[in-house]
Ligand code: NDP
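So this first bit is one chain, no partners, the form predicted on its own, shown in structure tokens.
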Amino acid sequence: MGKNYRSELVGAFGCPIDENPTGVMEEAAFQAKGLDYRYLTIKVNEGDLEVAMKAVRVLHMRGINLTIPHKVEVLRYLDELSEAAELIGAVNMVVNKDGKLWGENTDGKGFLTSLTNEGITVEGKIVTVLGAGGAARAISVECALAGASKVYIANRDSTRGTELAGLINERTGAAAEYIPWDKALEVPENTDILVNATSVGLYPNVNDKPDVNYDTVKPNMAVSDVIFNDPNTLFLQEAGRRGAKTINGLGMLVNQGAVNFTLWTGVEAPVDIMTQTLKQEFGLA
């Protein structure tokens, strides 16, 4: 067989996506493992996802990541789902298996690993999640499956919030309760882990923070944010000032990226290199 000049393609579809650093991390991992893969960061507007997913097949891409606003919409264009993705009702990564598109959700798995790396377990804990979109669904369901005793869902849209709470109550061993979020949120005082799973604070809106009464954040709480750009969010700064332990979105991004890497390539991900690359990218190394 002659020399192969064709690189294997993976990437991400989203909008906004210009400031998403996943490609830098994945490219460093491909290079470290000697793999001829390329990660393409592609802007796909809302309403254009069907055409973009057809391109995954046409271009023989190995797979794709999905980010805002496509994690739920993409379900319409997939052939198969993992058990977790079916339960969560959202997908953040797809593997192209010889033309069949298989969807998985690695957001919640990455989140749990980031907590574990900080010495935090969700088993028996009470978790309050801000939001009910794709990332919030993944985190809420994975926390419930991992043994959380209760999950509070705070969301402005009551339909989505009550639906997610109902799903957790019906399909997992955890209790769940919807909290209306029509004013500054009072964090339930029995909360052990507080998570911002909304897009509030995502670049370029780095001066925004979720509408929370931050004086209800207590020192015994662990507070996490899914936002990774900028990782030092105002949400985490406010929580830190109240004495809470804070965990930024970089760990979740690295850990879900590592799972994606392995699902696409069949090779164990170089997590240390991926972590270091992201830290350098954000000036944290």
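Residue numbers run from 1 along the displayed sequence. The shown structure was predicted, so the numbers you read here are calculated from the model rather than taken from an experiment.
The same protein has a further form, the form predicted in complex with the ligand, not shown here; the description that follows concerns it.
- Taking non-hydrogen atoms only, residue 133 approaches the ligand to within 4.5 angstroms in the model of the complex.
- Heavy atoms of residue 64 never reach within 4.5 Å of the ligand in the model of the complex, leaving it off the interface.
- In the model of the complex, the ligand lies within 4.5 Å of some heavy atom of residue 181.
- Taking the partner from the other structure, the ligand in the model of the complex has a heavy atom within 4.5 Å of a heavy atom of residue 197.
- With the ligand left out of view, the stretch that reaches within 4.5 Å of it through heavy atoms in the model of the complex is, among 33 to 41, 55 to 63, 223 to 231, 239 to 247, 223 to 231.
- Contacts with the ligand in the model of the complex, taken as any heavy atom within 4.5 Å, map within 149 to 182 to 155, 156, 157, 160, 181.
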